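Given next, in structure tokens, is a single chain: the form predicted on its own.
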Amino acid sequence: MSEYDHTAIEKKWQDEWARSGIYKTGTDSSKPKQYILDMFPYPSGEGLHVGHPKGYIATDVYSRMKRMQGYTVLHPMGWDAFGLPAENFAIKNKVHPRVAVDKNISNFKHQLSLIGLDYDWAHEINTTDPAYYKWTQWIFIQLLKKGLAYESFEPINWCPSCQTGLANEDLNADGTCERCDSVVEKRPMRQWVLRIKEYADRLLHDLDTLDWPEHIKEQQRNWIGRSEGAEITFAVEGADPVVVFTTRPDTLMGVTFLVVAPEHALARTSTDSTVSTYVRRALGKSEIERTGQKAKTGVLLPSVRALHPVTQEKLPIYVADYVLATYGTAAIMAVPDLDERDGEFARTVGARVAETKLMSADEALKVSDGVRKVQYRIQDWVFSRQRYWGEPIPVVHCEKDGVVPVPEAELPVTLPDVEHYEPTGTGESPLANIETWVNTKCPVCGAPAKRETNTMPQWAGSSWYWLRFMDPANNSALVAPENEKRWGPVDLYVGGDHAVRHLIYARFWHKFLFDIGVVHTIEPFARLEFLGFILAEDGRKMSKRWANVINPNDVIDTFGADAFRTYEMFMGPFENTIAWSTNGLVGTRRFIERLYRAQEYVVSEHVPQLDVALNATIKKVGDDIADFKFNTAVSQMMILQNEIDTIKKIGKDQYATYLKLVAPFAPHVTEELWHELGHTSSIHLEPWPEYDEAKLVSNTVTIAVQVAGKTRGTVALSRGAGEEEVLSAIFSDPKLMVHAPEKPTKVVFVKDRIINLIP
């Protein structure tokens, strides 16, 4: 037998699979379907490190099993290549974003090919392809027609380093820019906004229909942040009334002061220098920073008092940055006796605290003329970016007709090639400087008009891409109805980021497309599996900064793709974040080598001693892959391998079955061994093994024999054998008879486990 040469074997079969097209998406509609999808990657310049393929390998294992189980499988891959990451990389390396993206994609595809993944590359998509973003623009126009896209001019998150506006979802927990960690400012700016808040209740309600991890659904619920409460109006001496939102109208009698956000009209129009200074500083913070800070701060609005709607007591009004303009009415009634946050603020500013006498909510609303309201934490989606590398927003501005969508027949509005694409920093996209592109004609009246120069955010292309995978070459529709009904929804979606942003945006767009009849399901992703990250061996995140990045190319070169794949599935529970271990990789390499050497043990006849272990492995591997418990599936295969190595023989048919179980994890070596057995078709197109229920548990048990508590040997008997049957077996065994008392004074017997003879 030849030595196991992973390099030769893996290249041989990767070439053969590409030539034969065995992973081509099937068209047999009589079979059940499985649409299995990875969160498609942004093709960075650094390429993949060993943490990136974990999810890709998992979907590969799962899709291979499903294909063998008789499903028609769609398992595609593509590229989320627009947006800040690609543009910043291009600027840093002085190369056009298009050139950088094409080069990075080529590198990514090469790295993925080395792993032996079963993607159907005929379904490949790229968000920067005009044939793709034509339909991203088409969706925007439909949103505009339905009143769900609108122009706004108000303060938004502005990153001074990236020089673009950002949505709230683009910020870190401390309020800094997610891309560059810069402190984000609030800057009034013209932008396009999508009315995602109109879908808040549906986004919240339909979470209950999804097979998703509960902590992911809870993050979505928290971000949507639905609150039921009431609006109560407080009259103000010498100023307009202040309307507050409260979830506890029953605490009205405990109100001792009001607090308004720095953006509130009372705060912005104050002529007091202390208030003005506080407001200016507060507006320089992000909302996340304001709500996350431990110490509450605020200032009193001098000479302004509110009147309690019941008692007419004069109440002070404070300005504090923990109150947000984007939630409720930008004003709250403070009940420091019952509310921890209000109490902390009261102690900070020296405000009064009174004992609260609760009243019924209905009574509170009646005496204060209050009205019931529902509020949401989620805000409408800021959709403009003042950068070059993004989808052009397909509208023109006409002095006579205002904002006019580009006719659908003229889509796509292509991104022009430019020599200089650096951000301007003025609040305008670099596209504004390209007069030949900007100047156009109004589609309505034919008069001179100007194109929109803001571009879409990176999230646009990823908010519907799973639909294009179903029908990637369609030039006349986003997706043909028959293809959408065939494949939708995505049966399994796997990824390790974007628990809030992408998933909320994608669900919003999908629901909108459902409303206009493009899709037939209310949700895009029926099942979600969220993966834990792989850290470096030093326990830190892999980063050039720490010089701890591990390139999968190097690992595959040394250990082989099959060992690499099996290790990433074996290293721990899929959802856990775990540090890389080269020693662990050595272990899976040895397992692959033992599997390869086991061909020496193959015999023509069936080996009954392996029946129980083999059937147990068939059941557990199948169940564990389905449940994404890959580590215990690999562990079970190793247990079976130990049995084979101990017995040193395995029937040819049993070995073939064993290879099928390992095939999703280690596709190359199993394909090689399958053909060594004399087969001519691919193992990956074989039917998945079925276990024999009767052989899951052995009918024979081994019972330990003790004399005065000391083990003297064992007897093998049928499961359930009684005490007399066990004693008979002992006294029929010459080796045991030497030690056993002829007439023990006491017998301790545990059925199927142990017998102890006391002399």
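For every residue, the number given is its place in the sequence shown, counted from 1. In this text, the rigid core denotes the largest set of C-alpha atoms whose superposition between the two forms falls within 1.5 Å. Remember, predicted model here, so these are calculated numbers, not experimental data.
Just so it is clear, the following notes concern the form predicted together with the RNA, a form of the same protein that is not shown.
Q: Can you work out whether A473 and the RNA are in contact in the model of the complex, taking contact to mean some heavy atom pair no more than 4.5 Å apart?
A: Heavy-atom contact with the RNA at 4.5 Å: absent for A473.
Q: Does N583 reach the RNA in the model of the complex if we count a contact as any heavy atom within 4.5 Å?
A: Contact with the RNA, yes.
Q: Contact between L503 and the RNA in the model of the complex at 4.5 Å, heavy atoms?
A: Outside the cut-off, so no.
Q: Is it the case that D554, even though its partner is missing from this view, gets within 4.5 Å of the RNA in the model of the complex, heavy atoms only?
A: Residue-level check for D554: no, no contact with the RNA.
Q: Which one, 477-485, 181-189, 309-317, 220-228, holds residues whose non-hydrogen atoms are within 4.5 Å of the RNA in the model of the complex?
A: Result of the contact check: 220-228.
Q: Pick from I332, I650, M456, L673: which has a non-hydrogen atom within 4.5 Å of the RNA in the model of the complex?
A: Exactly one listed residue reaches within 4.5 Å, namely I332.
Q: Which residue, T247, S682, N88, S276, is the contact with the RNA in the model of the complex, using a 4.5 Å heavy atom cutoff?
A: Residue within 4.5 Å of the partner: T247.
Q: For the stretch 620-651, which residues lie within 4.5 Å of the RNA in the model of the complex by non-hydrogen atom distance?
A: N631, T632, S635, M638, I639, N642 sit within 4.5 Å of the partner.
Q: So, superposing on the core, is the move of L736 at the CA at least 2 angstroms between this form and the one not shown?
A: Shift of 2 Å or more: yes.
Q: Given a core-based superposition, decide whether the C-alpha of M65 shifts by 2 Å or more between this form and the one not shown.
A: Superposed on the core, M65 moves its C-alpha less than 2 Å between this form and the one not shown.
Q: Does K751 move appreciably between this form and the one not shown, meaning a CA displacement of 2 Å or more on the superposed rigid core?
A: After core superposition, the displacement of the K751 C-alpha between this form and the one not shown reaches the 2 Å mark, so yes.
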